[in-house]
Structure formats: structure tokens, C-alpha cells
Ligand code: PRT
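Take a look at this single chain in C-alpha cells; it is the form predicted on its own.
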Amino acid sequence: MKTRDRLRIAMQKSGRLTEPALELLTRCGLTFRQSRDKLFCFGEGEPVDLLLVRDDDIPGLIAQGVCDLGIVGRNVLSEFQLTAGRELAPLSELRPLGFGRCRLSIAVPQELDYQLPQHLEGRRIATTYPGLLGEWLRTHGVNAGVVTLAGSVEIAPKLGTADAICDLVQSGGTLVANQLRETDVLLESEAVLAGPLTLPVDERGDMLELLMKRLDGVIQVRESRLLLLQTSRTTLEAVTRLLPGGPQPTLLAVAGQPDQLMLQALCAGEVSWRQLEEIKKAGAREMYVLPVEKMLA
């Protein structure tokens, strides 16, 4: 296969991960021009292109070397790692991306007397993740039948094709609508950046390293806030003690007021009204909470 000089990322063509993934890449400074067939996006500012495909195809495209990276659910990546043939290159999870959160769970009919995994002994379980389900059953020493379906797993018990299911759960509303209840969580999932164990060492490797730094910067500040306030030197210790978690704050002298300081703190996560009120009681004033757009360490 001819060596490429441009980094290629596979991502879901349409689905719940598509828009958040594109937004994340945009915040990393990447822009794209889409092809007429809407399957390929050419990177305009950086040598990074996108291939838009079915999510189930993403791990295989990386393993075959067609793509260098992929944005895919941890559930899809984990299933591929368990079921892929040995002739394909092994993959790894390079970064959790913090969106598309869900869980792979066992669910049973509400009337079924279920307390332990062993209560599934001899029963049929419908799933689109036979690898992950099979591993969980072996771990718990349960001998159950695995019914592999391509979709509509939640209706299998109603149709009589399975006694329980193993499927992705977000809010749980679909389970309730089908008279099912969640019992065991096999895997906590979210969108991840997937790649081969051995990363490219050519121009693509340089771009990959740059992309990872930008991703880390975007992810780190996604929920962060910049807190600005004034305080006196005498109340500084009390104010600092109440600051939300983050790096050490930056202190600046206030011109013409030698006893006053301007404090700047990067806070990991939201800053609530209650926190601001407590900080004010400790001696702070003129407080501002600002969103953080970008960060490069």
C-alpha cells in the first residue's frame, strides 16, 4: 500500500456521534471540504482528511491501514478487539472524548425473578455484541445461549426469540417502553479516539502528535471556567482555600492599591452561585466567571 502523507480519520457518517465529533475537530482548528458523495472530507487548513462510514466499519478500516485514526464508541472498539481475526493489526484507545456516553447492559423482562448473573443459566440472550457478552458470561461462569441480532434487540423477548437482552442504554426509556429492566452493566461507553498500537513515524505522525495536543487542550477546557476576582492580601488565604480545583491561581498587583490583588484561577468544571457567594463572604469582590475557548500547555 502506498504511504500517505496526510492523516486520515474515520468517523460515523450519520448518528449520535457525528455532530459532536465534527464540533470537536472544528474546535481543534480543522476545517473540511466535503466531496459530492458526502463520504470524504478534504482537510483545507491542515493535512487531515475525514472518511465518513458506518461506525461498525471504523475499527476495521484502522486495522487494515486505510485510516490512521477513528472516532468511535468504546463499545464498538471493544467488540472489535474481542472478535477481530489475528491477521488484523491490534488497536488501542488513544483518548476518551467525553461525549456519546452510554452503557452496555443486561436487561430482563420486568416479571423475571433475577438477582444474580447465574439466573441467566440456560437462557437465551439477544445482543449485537456477542464478543462482549460472551466474555461477561465466561467471567461469571454462566452457560447461556447468545442470540446475535443486527438490530431491534429490545423486542426479542416479546417475540419469543430471547429471554433477556444485552444492549446499549442511555436514558433507559426504551427498556421501560418494552417492559424491560436493567440489571447488570458490562461496559461504560463513550466516544473515543482509536488508533493502531504502532503509530506512524512519518509526516502523519507529526500531525497526529499535534492533533493530540489540540484535542487535550479542547477536552481539558471543555467544562473549565476562568475565575477573575479582586481580594486584599489579608483575605487572600481564605479566598484561595475556597477556589474550585485547578492549577495554582495567578496573582497580579492592582495599580495604586498596594493591598489589593487581582486573582486569576482556572477552575475544572462549573462554578456555582453558592461557590461564588462563599468566596465573596471570604473577602473577594468584582468576580467574573468566563468560559475558556482554547488552551495549549
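All residue numbers are counted from 1 along the displayed sequence. Values in this document were obtained by computation on a predicted structure and should not be read as measured data.
We do not show the form predicted together with this ligand, though everything after this point is about it.
K.L.:
Taking this ligand in the predicted complex, would Arg54, Gly73 and Gly172 all count as contacting it (heavy atom within 4.5 Å)?
P.N.:
Yes, the whole trio is in contact, each within 4.5 Å by some heavy atom.
K.L.:
Only one of these stretches, 42 to 50, 233 to 241, 250 to 258, 55 to 63, has heavy atoms within 4.5 Å of this ligand in the predicted complex; which one is it?
P.N.:
This holds for exactly one stretch, 55 to 63.
K.L.:
Would Glu154 show up as a contact with this ligand in the predicted complex if we use heavy atoms at 4.5 Å?
P.N.:
Taking the distances in the predicted complex, the answer for Glu154 is yes, it comes within 4.5 Å of this ligand.
K.L.:
Hey, in the predicted complex, does Gly195 get a heavy atom within 4.5 angstroms of this ligand?
P.N.:
Answer no; every heavy atom of Gly195 is more than 4.5 Å from this ligand in the predicted complex.
K.L.:
Please tell me whether any heavy atom belonging to Ser189 falls inside 4.5 Å of a heavy atom of this ligand, as the geometry stands in the predicted complex.
P.N.:
Yes, Ser189 lies within 4.5 Å of this ligand in the predicted complex.
K.L.:
Would you classify Ala284 as touching this ligand in the predicted complex, given a 4.5 Å non-hydrogen atom cut-off?
P.N.:
Judged by the heavy-atom cut-off of 4.5 Å, Ala284 is well away from this ligand in the predicted complex.
K.L.:
So which of Cys102, Val147, Ile219, Ala144 gets a non-hydrogen atom within 4.5 Å of this ligand in the predicted complex?
P.N.:
Spelling it out, the residue with a heavy atom inside the cut-off is Cys102.
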